[in-house]
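In structure tokens, the next block holds one chain alone, the form predicted on its own.
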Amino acid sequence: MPREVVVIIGSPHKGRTLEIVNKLEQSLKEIDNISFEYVFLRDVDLKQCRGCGVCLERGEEFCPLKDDRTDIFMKMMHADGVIFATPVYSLQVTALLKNLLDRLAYVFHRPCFFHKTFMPVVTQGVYGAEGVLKYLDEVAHFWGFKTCPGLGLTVAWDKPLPSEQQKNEREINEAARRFYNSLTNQADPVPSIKDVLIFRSVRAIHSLAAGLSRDHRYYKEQGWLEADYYYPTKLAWYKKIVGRWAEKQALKQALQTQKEKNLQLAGTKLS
């Protein structure tokens, strides 16, 4: 079975960004048999996020907007690799792509894309690609992906010079090799100290059911309330120490917050 890659195209046009991704696809297929599926956000039914928080508090299945969001999410879940491709608009991703990220905000709370490879592809006219690449990499990391260093290219408005075209083609081929190596590497990333700090702090809150009930249930279902990390991994001794410290501090803060809320509630009842 060929490995499956889903490409989310955030551009409102089928232009230079798509052209770059097409060349990336061609380069990858020269390496191995890889299946590509494109999702053009301009062509799907994806309503504007209302910021109501229902997906966070009750669950994504209760989102009042009924459209193609779940279909896009499931395509990503079933893929081996995911690529987000966007031009730089006002130093950020396009509104189309940002809306998708907002509609999937619950994944920041309940990460689920472990063991899958992610790579961003960003095109710029002059400036901004580096910041957008960093942003998308961080989003994907929080969502659980294995993140692969992205591809950021400057694309000319008119026909590129031969030297510019050669440079871009070289970088596309290098990005294809990076993505393929990550796609075929079965090993999960070794969590950093920051990763361990975040996991153990959040886990502490959910162990007390002091956060959102939907998140607590998700962590319990995944077995994360007793785990050292999201997936089995060998943590260095100093990371374990830092993790225990972070969990202790988070528990202390959560208990204090609960105490203050209980006192406030008791005061409200007395009045």
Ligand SMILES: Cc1cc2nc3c(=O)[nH]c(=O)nc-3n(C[C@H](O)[C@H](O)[C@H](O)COP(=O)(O)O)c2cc1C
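Please read all numbers here as calculations on a predicted model, not as lab measurements. Residue numbers run from 1 along the displayed sequence.
Form predicted together with this ligand: not shown, discussed below.
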Just one of 141-149, 196-204, 83-91, 70-78 has heavy atoms within 4.5 Å of this ligand in the model of the complex; which? 83-91
Among V155, A105, A95, V190, just one has a heavy atom within 4.5 Å of this ligand in the model of the complex, namely V155
Residue contact check: T117 to this ligand in the model of the complex, 4.5 Å heavy atom: no
Is K248 a contact residue for this ligand in the model of the complex, using a 4.5 Å heavy atom cut-off? no
Would V126 count as touching this ligand in the model of the complex under a 4.5 Å heavy atom rule? yes
Contact with this ligand in the model of the complex for H13, defined as at least one heavy atom pair within 4.5 Å: yes or no? yes
